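Encoded as structure tokens, the following chain is the form predicted alone, with no partner shown.
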């Protein structure tokens, strides 16, 4: 599974520009699912299994996009001004490298002279240095999109990449769709677009799928680093079952069902309460007349930075938990 993760995270796909990631997922899932289609927003919608009398239409959603930047202006000296595509934090940005999708141009993010070394200026005070001395030398145009450029690193039990959010969820969903052999449900695996700019892909996908139950697969923060904000999630302690985040409250029946499933399968798990941020589950929950939802979260350090870190055991146990949950009828009480 590590090789699949490496290929996914090293394929670029900022919000709205997920086509290369989608093509890779389609290639890897060919012959492994009952059907695949791409909708108007670029979501890849896969299906497996048929809905029995005791079954449901279950939508699993993991987003393909990553955060990035977009060029807004190029000055006479060849420096490129930019703004964010998704939640780009200035503190994680200066000194980073980006690669533009259209031309492959690489640049380094610099910032204007800043007297106060204890604070970080906003993105409006930053620029991209592509090594040019004048505007005509720049192989970038206004409106060109770039992704952060860092290699995947395998540290054994820990994996590091600039795009674990949410390619690790994509990897988990791919494994679930491949390994799921027997289920009473119609399982719809949605590889969604534009999550980082407002869970847009999942909004339209959920409307089309019209599920009976929705589960998002995404990363969550941890509280296990020095002086971290208090949070009862740590790397290596298993997948996290989301209770609440900044945009959504999981259906308590879904939370109880997930927790019981983890205990029955003797899998490690954690309970997650995230004070900010949200996932595709929010959009699924709000579709049509409403859908009961939950979320399986992969603990991740340094989210929205060039070096997001996950635990490989948590990844594998996320797959096992979802397979255990989907192999039996769902009873929400």
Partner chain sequence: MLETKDLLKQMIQVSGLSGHEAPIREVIEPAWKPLTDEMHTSRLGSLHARKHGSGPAPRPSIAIVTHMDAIGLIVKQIDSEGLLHVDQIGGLDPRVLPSQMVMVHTQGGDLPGLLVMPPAHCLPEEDASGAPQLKHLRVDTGLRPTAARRQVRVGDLISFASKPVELDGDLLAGHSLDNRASVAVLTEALRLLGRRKHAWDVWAVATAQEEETLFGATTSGYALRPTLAVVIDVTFAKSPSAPAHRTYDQNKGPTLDWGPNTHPKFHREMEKLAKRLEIPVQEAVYSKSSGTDAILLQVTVEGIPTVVVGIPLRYMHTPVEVVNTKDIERASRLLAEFVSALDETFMDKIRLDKTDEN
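The structure displayed is predicted, hence computed values, not measured ones. Numbering follows the first chain given and starts at 1.
Keep in mind that the form predicted in complex with the partner chain is missing from the display, and what follows is about it.
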{"item": "Segment assignment from 30 to 38, 60 to 68, 281 to 289, 294 to 302: heavy atom within 4.5 Å of the partner chain in the model of the complex", "value": "281 to 289"}
{"item": "Heavy atom distance at most 4.5 Å to the partner chain in the model of the complex, all of 85, 121 and 124", "value": "no"}
{"item": "Proximity to the partner chain in the model of the complex, single hit among 111, 231, 197, 106 (heavy atom within 4.5 Å)", "value": "231"}
{"item": "Contact residue in the model of the complex, chosen from 175, 186, 259, 149 - any heavy atom within 4.5 Å of the partner chain", "value": "259"}
{"item": "4.5 angstroms heavy atom contact with the partner chain in the model of the complex for residue 211", "value": "yes"}
{"item": "4.5 Å heavy atom contact, residue 247 to the partner chain in the model of the complex", "value": "yes"}
{"item": "Proximity of residue 255 to the partner chain in the model of the complex, heavy atoms at 4.5 Å", "value": "yes"}
{"item": "The partner chain contact at residue 243 in the model of the complex, heavy atom, 4.5 Å", "value": "yes"}
